[in-house]
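Take a look at this one chain, the form predicted alone, written out in structure tokens.
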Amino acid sequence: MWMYVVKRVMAFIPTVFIVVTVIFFLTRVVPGDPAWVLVGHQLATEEKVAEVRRELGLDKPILTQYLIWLPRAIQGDFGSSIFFKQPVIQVISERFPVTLSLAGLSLLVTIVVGVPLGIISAWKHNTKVDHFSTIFSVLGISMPSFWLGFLLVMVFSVNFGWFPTSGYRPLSLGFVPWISHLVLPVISLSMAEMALLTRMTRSSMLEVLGKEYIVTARAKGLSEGMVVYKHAFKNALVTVVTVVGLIFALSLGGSVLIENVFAIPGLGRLMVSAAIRRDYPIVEGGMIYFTGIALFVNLLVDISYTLINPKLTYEK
């Protein structure tokens, strides 16, 4: 197992290197110049813009910039933000807990709702419960998260006044302010995730419930709850865990729209503003951050397979 983990971690290196290289060159190739944004179009002159580009090191050829930047990036130094005038790591670290709160709560709601609904839907196949689950899944997957967010704000914030329309409060200011600002964003973000997890859990459970050992377990007189939970769900859990890991990794990146709809100062909103301002260091550091988390979550999912089913092993 440990050899497998070491090999996977070593495999992260070329993946991160490719991502770093692609992001670096893409940020330089797309139209736009941070020097013009910094100076301001009304006050911009060719001399002033050239001076700012020289201060930022953007006057050098792209390949030269890359060869200067890469050794520092390998050491974890992505430079300083052009607009925040702070180290990239510091700016991202301040915003990441906000995004993690949103994605973590969204994942919790997704698991609490999606897994039981998928199990019951498969257990009560072709009943009203199953039909309701199917309709819920189709609607959840089809509904754009940002549109749902606007709808929830209009209904529960503007009309009823139950929740704040936007903003974020850290947990240090109290649980109620923290959770009240996250209820609507979490629902908006988790709706499609719940639909996906429900469908995948239902599909996996239906496949397992059709196996011969399930028929044998029922023939032995085991209770239906024992058959569904101990024999069916445990064998379908590998698929469920895979989907949960994928959902969590995607929710960190997918929170970009939700954070902008609800004006949440998270990492997703930071990335959008950085892209608009051509803040290259923030864009590069943020993408590497997202890539590293996705790789780490994928590794945890692979390791969890051996805990769920001891018969699975990565040893030769």
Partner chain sequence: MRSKYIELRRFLRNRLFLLGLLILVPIALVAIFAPFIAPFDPLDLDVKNKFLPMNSGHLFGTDEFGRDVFSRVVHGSTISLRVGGLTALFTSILGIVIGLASGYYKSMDAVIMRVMDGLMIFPGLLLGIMLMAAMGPHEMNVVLAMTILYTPRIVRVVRSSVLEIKTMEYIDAARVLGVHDLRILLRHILPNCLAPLIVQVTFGFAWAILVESGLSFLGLGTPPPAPSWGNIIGDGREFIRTAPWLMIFPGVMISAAVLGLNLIGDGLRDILDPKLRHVSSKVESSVV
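Positions refer to the first chain, counted from 1. Nothing here was measured: the structure is a model prediction, and the numbers come from that model.
The form predicted in complex with its partner chain exists for this protein as well; it is not shown, and the discussion that follows is about that form.
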- Going by heavy atoms within 4.5 Å, which of 214 to 222, 67 to 75, 151 to 159, 109 to 117 lines up against its partner chain in the predicted bound form? 151 to 159
- Item | Check all three, 272, 287 and 290, heavy atom within 4.5 Å of its partner chain in the predicted bound form | yes
- Message: Although the partner isn't part of this model, could you tell me whether residue 250 comes within 4.5 Å of its partner chain in the predicted bound form, counting any heavy atom of the residue?
- Response: yes
- residue 144: heavy atom within 4.5 Å of its partner chain in the predicted bound form? yes
- Message: Against its partner chain in the predicted bound form, would residue 62 count as a contact residue? Criterion: heavy atoms within 4.5 Å.
- Response: no
- Query: Is there a heavy atom of residue 19 lying 4.5 Å or less from a heavy atom of its partner chain in the predicted bound form?
  - Reply: yes
- Query: Which one, 196, 105, 209, 187, lies within 4.5 Å of its partner chain in the predicted bound form by heavy atoms?
  - Reply: 196
